[in-house]
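Coming up is one lone chain in structure tokens, specifically the form predicted on its own.
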Amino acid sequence: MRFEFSGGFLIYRNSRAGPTFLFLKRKDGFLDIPKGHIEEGEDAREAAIRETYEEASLKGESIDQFYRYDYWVWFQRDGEKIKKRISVFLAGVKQDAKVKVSYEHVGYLWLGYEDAMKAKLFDQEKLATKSAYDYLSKKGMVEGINEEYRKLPERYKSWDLSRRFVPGEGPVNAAIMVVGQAPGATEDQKGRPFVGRSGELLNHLLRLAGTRREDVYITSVVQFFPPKNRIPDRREVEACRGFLIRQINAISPKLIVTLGNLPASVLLGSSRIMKSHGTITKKAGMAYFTTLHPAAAVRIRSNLPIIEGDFRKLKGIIKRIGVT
């Protein structure tokens, strides 16, 4: 058996009725997405970008940096069995984007989700389209919540947090969600969660757990920087808590990792982190893994073996409960 690898894009346009997806007409009557073989020196995303331009004369204007859908196909070629992995990415284009198909295809269609499910598509490409549609639906929900959330300071005459909103980051279909306390000064400046010293350590810890930063959704209980890195007070936590719960409901992860006392208190009603760290709690159908905040190990080096041990334990838990 020989292995091959291809990359492609699901290209979509937004409309009031929802996204419509681009499909290329094959000579055999089936519809396809722009995709092709990964050439030497390319990764899957680079191959997808090249193939999309070659087959449809399109460059994705808004490539989602977190979405990826992999599937395998098996077929025979010249008597040899081939197993091919196809990696599908997601990119939006403007409504007036011009499509020009290559000689490999005889035309193209823009189809909404329901029409795509009825069209002459291979089963795996229908599953890829469903995955992309579900992802875009979740992304729309999260973006709507965040749009409300970033306006929160306008509702309070006395607002002691930063007015710069630091949204969560990661795939909105992530199986694992990581929840910290609040952004720090570096996060406030860059507008991204966990990008300072604690973020560097978190990236290392996630690798110990057998996953990567790009594969988890990372956020905080309070998504505005508390000056001088103070702990958010009760009023600030209550103002932000509802938005966090809505984000969790929209993303619907299989596992939530709480970092430090505050998220454990808000989500589980328990803040005795030194006693509960490294444990799983089930609540309302959700699994929670409790551990220290990476900042605790940055400040106090004796905490580093504790938190590293927790994340090594997390690797086994992820395998056991089937989180991927």
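Residue positions are given as counts along the sequence shown, with the first one as 1. The model shown is predicted, which means the values in this text are computed figures rather than measured ones.
Beyond the structure shown, there is the form predicted in complex with a small molecule, which is absent from this document and is the topic of what follows.
Listed residues P232, P253, G184, G170 were compared with the small molecule in the predicted complex; G184 is the one with a heavy atom within 4.5 Å.
Contact between K35 and the small molecule in the predicted complex is not found at the 4.5 Å heavy atom cutoff. Under a 4.5 angstroms non-hydrogen atom cutoff, the small molecule in the predicted complex lacks H277 among its neighbouring residues.
Of the stretches 99-107, 244-252, 143-151, 188-196, only 188-196 has residues with a heavy atom within 4.5 Å of the small molecule in the predicted complex.
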